[in-house]
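First, one chain by itself: the form predicted alone, in structure tokens.
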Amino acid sequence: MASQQDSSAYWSKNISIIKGCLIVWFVASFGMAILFRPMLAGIGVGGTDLGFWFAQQGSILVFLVLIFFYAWRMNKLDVEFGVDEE
């Protein structure tokens, strides 16, 4: 990364990826498990309702997927800006 403009563009894209991941995380953990639980009560998953499932397991699985997505997307961004680790 040679210039200040490249650095600013890199961090701008990085922050937008982080914001997107945080929005997905919030909706999956807080939204589905707490806010939308009454609406999800009629949908059954594994012998329980979907809201309870998200509170107990679903949000953890979404978080794990977000970790791998973030690593994959940041590797692509690093290659794009020439700061990859080869």
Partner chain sequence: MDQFTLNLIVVGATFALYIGIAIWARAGSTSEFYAAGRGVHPVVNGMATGADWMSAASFISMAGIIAFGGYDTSAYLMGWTGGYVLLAMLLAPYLRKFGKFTVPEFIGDRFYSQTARSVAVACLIIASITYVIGQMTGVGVAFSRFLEVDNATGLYIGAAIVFFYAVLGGMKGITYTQVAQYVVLIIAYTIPAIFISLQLTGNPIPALGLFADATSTGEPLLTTLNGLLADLGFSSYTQQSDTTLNMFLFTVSLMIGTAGLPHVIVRFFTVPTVKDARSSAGWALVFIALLYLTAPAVGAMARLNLINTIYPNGTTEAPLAYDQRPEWVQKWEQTGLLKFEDKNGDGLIQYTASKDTNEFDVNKDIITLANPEIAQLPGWVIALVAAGGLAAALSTAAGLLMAISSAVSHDLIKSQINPSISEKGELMSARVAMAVAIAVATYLGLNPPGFAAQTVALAFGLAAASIFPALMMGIFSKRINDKGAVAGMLAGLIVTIVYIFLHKGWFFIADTASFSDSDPLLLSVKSTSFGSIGALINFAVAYFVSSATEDTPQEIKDLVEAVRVPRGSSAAIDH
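Residue numbers count along the first chain shown, from 1. In this text, the rigid core denotes the largest set of C-alpha atoms whose superposition between the two forms falls within 1.5 Å. These figures come from a predicted structure and were not determined experimentally.
What comes next is about the form predicted together with its partner chain, which is not displayed.
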{"query": "Heavy atom of Gly46 within 4.5 Å of its partner chain in the predicted complex", "finding": "yes"}
{"query": "Distance check, Glu80 to its partner chain in the predicted complex, heavy atom within 4.5 Å", "finding": "no"}
{"query": "Heavy atom of Ala33 within 4.5 Å of its partner chain in the predicted complex", "finding": "yes"}
{"query": "Interface membership of Ala55, its partner chain in the predicted complex, 4.5 Å heavy atom rule", "finding": "yes"}
{"query": "Residues from 37-70 in contact with its partner chain (non-hydrogen atom within 4.5 Å) in the predicted complex", "finding": "Arg37, Val45, Gly46, Gly47, Thr48, Phe52, Trp53, Ala55, Gln56, Gln57, Ser59, Ile60, Leu61, Phe63, Leu64, Leu66, Ile67, Phe68, Tyr70"}
{"query": "After fitting the core, Ile60 CA displacement of 2 Å or more between the shown form and the other one", "finding": "no"}
{"query": "Rigid-core frame, C-alpha of Thr48, shift of 2 angstroms or more between the shown form and the other one", "finding": "yes"}
